[in-house]
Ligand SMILES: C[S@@+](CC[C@H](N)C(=O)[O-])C[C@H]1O[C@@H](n2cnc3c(N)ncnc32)[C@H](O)[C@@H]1O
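A lone chain, given as structure tokens: the form predicted alone.
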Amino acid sequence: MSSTDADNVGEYLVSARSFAEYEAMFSLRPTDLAGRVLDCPAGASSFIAHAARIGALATAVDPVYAIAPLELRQFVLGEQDRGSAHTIAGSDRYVWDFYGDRDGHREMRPASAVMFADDIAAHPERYVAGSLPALPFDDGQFDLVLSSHFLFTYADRLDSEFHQRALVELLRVCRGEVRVFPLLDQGGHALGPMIEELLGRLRHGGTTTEVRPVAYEFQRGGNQMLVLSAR
């Protein structure tokens, strides 16, 4: 691998984070899952499958759901290999405590991908093909919206204007909180000026913004989530 692989994973990665990771990344409590929850973009995460098992009304949206289930299963399993290679290329940029070690991290993602693939085949109604910044949902349809490792992560190719449109769209479909994690790009670089500019625009438009610490850190320094709500 080249020295730049740690900074750029290449094509948008369809990752498969687990419910436990979501709990930690977004500081989720049982009461947070009492209403309607949207994961956007959800990729191959098993969050929706697990949340549904404990009684949550959870929906996932991602453009990759347009792929037929059998083909999608193979694709997302391959994506976990690609994601693991990217992570190992920059292993010194990560804190491995949550996973125990690198092997623990490597094993968690394929297991999550299989749970996702089984769930989308059995319950396709939970998974909607769509993408930011225009989602196929009604205004205020969800009580909580979670957005993991897309916004800010790909700041090298998605500009500030896209981020503003995407965040406004997440706010449109949410009557509660929008939570975004992490606030670093894929190479682990801070995006302070870009984020401050975006938050200033959102506050000017009537949005309440908060950068909130979380008890999870994988990318070094990546232990904050952005919380947005309408005033």
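From 1 onward, residues are counted along the sequence shown. Because the structure is a prediction, the values reported are computed rather than measured.
There is also a form predicted together with the ligand; it is not shown, and the following applies to it.
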The ligand in the predicted bound form: contacted by all of V14, Y22 and A42, heavy atom 4.5 Å: yes
Quick one: from Y94, Y154, F98, F137, grab the residue that has a heavy atom within 4.5 Å of the ligand in the predicted bound form. Y154
Which residue, D32, D185, D62, E169, is the contact with the ligand in the predicted bound form, using a 4.5 Å heavy atom cutoff? D62
Quick one: does L132 come within 4.5 Å of the ligand in the predicted bound form, counting heavy atoms only? yes
Among 171-179, 62-70, 186-194, 49-57, which stretch has residues whose heavy atoms lie within 4.5 Å of the ligand in the predicted bound form? 62-70
In sequence order, the residues of 140-160 that place a heavy atom within 4.5 Å of the ligand in the predicted bound form are S148, H149, F150, Y154
